[in-house]
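Okay, here we've got a single chain as structure tokens, the form predicted on its own, with questions on binding and movement later.
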């Protein structure tokens, strides 16, 4: 079951858009971070069930943060949300352990589908 969701993005507007796309009927606890380093620290503190991660950020980019999160928790569910959908970036994200990838800007439908997919994966793990 997904309760805590962490959104890591350096754009306050992108965070606002993401939050507006997350279904309101589920009582999710939403957290956000302005770069990968802060995201990594928040991940350690709150241990979210699901993390949405941008790739292009200052201090620590999404690839680096994803790599560090996966070292901490191999079962982490991190969904990359990026405008950079080049084959190379997508492949690297998957190689580092990303659960899936969404193209920016996200839609309510794409976010709801991603959350459902993550919840199904968590349920299968038990």
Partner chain sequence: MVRNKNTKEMITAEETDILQEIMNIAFGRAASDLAEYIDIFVILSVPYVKLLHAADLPPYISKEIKDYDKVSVVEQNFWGKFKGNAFLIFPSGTGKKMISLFDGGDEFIESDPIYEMEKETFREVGNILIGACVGKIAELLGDVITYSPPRVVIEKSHRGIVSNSLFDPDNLAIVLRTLFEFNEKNISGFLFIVTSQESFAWLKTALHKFLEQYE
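The shown structure was predicted, so the numbers you read here are calculated from the model rather than taken from an experiment. Positions refer to the first chain, counted from 1.
The same protein also has a form predicted in complex with the partner chain, omitted here; what follows describes it.
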Option touching the partner chain, based on a heavy atom within 4.5 Å in the model of the complex, out of 49, 84, 35, 73: 84
Partner contact for residue 13 in the model of the complex: the partner chain, 4.5 angstroms, heavy atom: yes
4.5 Å heavy atom contact, residue 23 and the partner chain in the model of the complex: no
Close approach of residue 103 to the partner chain in the model of the complex, 4.5 Å, heavy atom: yes
Close approach of residue 17 to the partner chain in the model of the complex, 4.5 Å, heavy atom: yes
